[in-house]
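Next up: just one chain, as structure tokens, the form predicted on its own.
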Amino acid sequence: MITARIIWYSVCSGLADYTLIFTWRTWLFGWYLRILAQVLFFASIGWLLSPNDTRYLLVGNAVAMMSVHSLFTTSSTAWERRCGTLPLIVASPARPIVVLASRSLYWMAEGFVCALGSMLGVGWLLGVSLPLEQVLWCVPLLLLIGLSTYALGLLLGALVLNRTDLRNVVSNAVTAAMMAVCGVNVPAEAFGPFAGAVAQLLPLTHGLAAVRTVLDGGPAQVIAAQAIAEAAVGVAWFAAAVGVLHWMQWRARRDGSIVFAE
């Protein structure tokens, strides 16, 4: 009960921060249009080549928005130290991982809206056939991608808590790597066996493959296998994030290394 209350207050606190970043007008006519333009840009490259390429690039870049937004938690986790709230979180009876894992969930909600909206909107604009029934089956897969990427973002946020100036560098570098090797614009194996092996450890790869299989009407066994692999990757990253945060909490309480601001 207490944990649920902590999660609720953390989510509400994060949403309060988010409303200071955007109003509905600036989000809809600023940020969301920017997302649509990005997906449209890559999908239009395929439109110049063939209908199959258009569909491939549209789906890849639309689904990638789920991961891109979830990785923003890297920066928002580091904000806790810059704002001076991290020492209070560590000193409180609540487990820091509960607060930090709940604090940035709004990025997942935004990522879901942008991913699904850009898939349907840009698909309609370019005349790509995406049956609504199949798109709806992709909804739980999008949420799974968001959760697994969110876990990776938490880990990255924990790793940069002592170097908050690197928060955007790290998240942008990982985002670029995922966009390159996870099958967004070209198949994951296109960069060779090493990059392909790395891609198997990144959150987006299996989830995107599952979404493509659903939209292509592929076998349920393949979809289930990819979904299970995506979940396993997410659990592994979350376990790593919990371990790093526990270690940093122990060290901070031992040597007083957490400061209120940098």
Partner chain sequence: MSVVWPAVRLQFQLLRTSNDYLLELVRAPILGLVLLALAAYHDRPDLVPNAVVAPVMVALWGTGLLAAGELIDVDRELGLLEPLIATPAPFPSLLLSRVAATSALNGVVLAEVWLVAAATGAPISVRHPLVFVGALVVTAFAMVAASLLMATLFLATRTALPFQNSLTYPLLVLGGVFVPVDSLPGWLQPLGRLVFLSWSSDLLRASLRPEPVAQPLARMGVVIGLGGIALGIGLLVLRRVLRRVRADGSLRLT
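Positions refer to the first chain, counted from 1. Computed from a prediction, not measured in an experiment: that's the story for all the values here.
Omitted from view is the form predicted in complex with its partner chain, to which the following refers.
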Check your understanding: Is there a heavy atom of A176 no more than 4.5 Å from a heavy atom of its partner chain in the model of the complex?
Key -> yes
**Study point:** Any non-hydrogen atom of E133 within 4.5 angstroms of its partner chain in the model of the complex
**Key:** no
Check your understanding: Would P187 count as touching its partner chain in the model of the complex under a 4.5 Å heavy atom rule?
Key -> yes
Exercise for review: Report yes if any heavy atom of R95 sits within 4.5 Å of a heavy atom of its partner chain in the model of the complex; otherwise report no.
Suggested key: no
Point to revise | its partner chain: the contacting residue among V139, A180, L88, V113 in the model of the complex [heavy atom, 4.5 Å] | key: A180
Practice item. Establish, in the model of the complex, whether L143, H246 and Q249 all lie within 4.5 Å of its partner chain, using non-hydrogen atoms for the distance. Key: no
Study note, to complete from the structure: Only one of 218-226, 233-241, 205-213, 189-197 has residues with a heavy atom within 4.5 Å of its partner chain in the model of the complex, and that stretch is 189-197
Check your understanding: Which residues within 47-76 place at least one heavy atom within 4.5 Å of its partner chain in the model of the complex?
Key -> W47, L48, L49, D53, L57
